[in-house]
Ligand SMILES: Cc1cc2nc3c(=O)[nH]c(=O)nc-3n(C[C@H](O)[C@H](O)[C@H](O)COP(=O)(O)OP(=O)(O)OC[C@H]3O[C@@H](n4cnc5c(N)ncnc54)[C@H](O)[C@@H]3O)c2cc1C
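Below you will find one chain, with nothing else, as structure tokens; this is the form predicted on its own, and questions on how it binds or moves follow later.
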């Protein structure tokens, strides 16, 4: 067993907006090292927060006490290609997990469009992809190992602790440090992806049909533009046909990242030009077709910095809520040069999942770096509130435990599991206190 590295220093998230200076940062390499770090923190009266790739926009990971970095825990512990059950350490990134599964002839049933997060972080915040008949990433979890607030190592599964598993699948890091996860993978598959532009009104009028016709459908609507960008992915037989390195560089590095960065900078410099720039983006987008391994179709590079808010709404609210957001942008004269992203997932039973108990439409809004986002995001949140929206736990929002509790039927059940696994609130921080409140007595 390798020794963990313990040091003091500063930490910041991927965007650089969230920063802290923990008393010590523990780079754990095993569950025993995590347990030892939690015991030491308890002995010293310090709080603990776990961190992976730091891909959340919120202050969820920040602490002045002990930060446990699990990124070094990235091994495949066990894999059964016949059943698809795979046991992995929780610090593995989605990218590394997908590559490892591919060598076994397996894949994930559904993934989000970023693969840089650690598995533990993606689960904790309720990360999702799109697919009206598919759940978010946490629905693929069959068991979890975590270190509790007392330093005990426990296994949560449908037999040993079914209520604990329902709570831990989306936990905001409030139950313990997740160290290993058992996932239900599926046989590897190839997706045929088509990105194109279509009239906004036509897209919004046919959301149900599009979701019924495609395994994965999503849309991007730019304010002030008559065309939406649509992305439709369908499973196909036959081999993957990955693009050449040159083609990938041209599309992702030059056409997507370079063009978006240039237009975003132009919009920041001259906000009044944003409507014309947004219309230009959709006119230039054209159509792109790819056929490749599923995880490579799901994931897209994110090199242009931005701030994001995302809300989970009842699926029927997708169209009226999006139209209300577009009207709010016009009414408030907000400078918005990023699209509104619309994705769809099936309801699930994780107690704090934003998709708990209802088929869901996610609406995500973004602003380019260093541009004012507060008034715009507050206007969007007011619209989401009207529809009983639940925020993505890893993205910007202004909710508190008081406003969130009525939106989650399993809120008190989660609180009971939290009181059992972390009775002293070892894993609380300012974010957890704000969105979940104190540990129940």
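Residue numbers count along the first chain shown, from 1. From a predicted model like this one, the values you see are computed outputs, not experimental measurements.
Although it is not shown, the form predicted in complex with the ligand is what the next lines describe.
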note = Answer key: of 337, 125, 360, 138, within 4.5 Å of the ligand in the model of the complex (heavy atoms) is 125
query = Can you say which of 22 to 30, 410 to 418, 57 to 65, 376 to 384 gets within 4.5 Å of the ligand in the model of the complex, counting heavy atoms only?
reply = 57 to 65
message = Test of understanding: in the model of the complex, would residue 394 fall inside 4.5 Å of the ligand by heavy atoms?
response = yes
query = So, in the model of the complex, is residue 114 in contact with the ligand at a 4.5 angstroms heavy atom limit?
reply = yes
request  = Classify residue 399 as contacting or not contacting the ligand in the model of the complex by the rule of any non-hydrogen atom within 4.5 angstroms, answering yes or no.
outcome  = no
ask   = Heavy atom to heavy atom, is residue 120 within 4.5 Å of the ligand in the model of the complex?
value = yes
task = May I ask you to list the residues of 159 to 187 that have any heavy atom within 4.5 angstroms of the ligand in the model of the complex, in sequence order?
result = 172, 173, 176, 177, 178
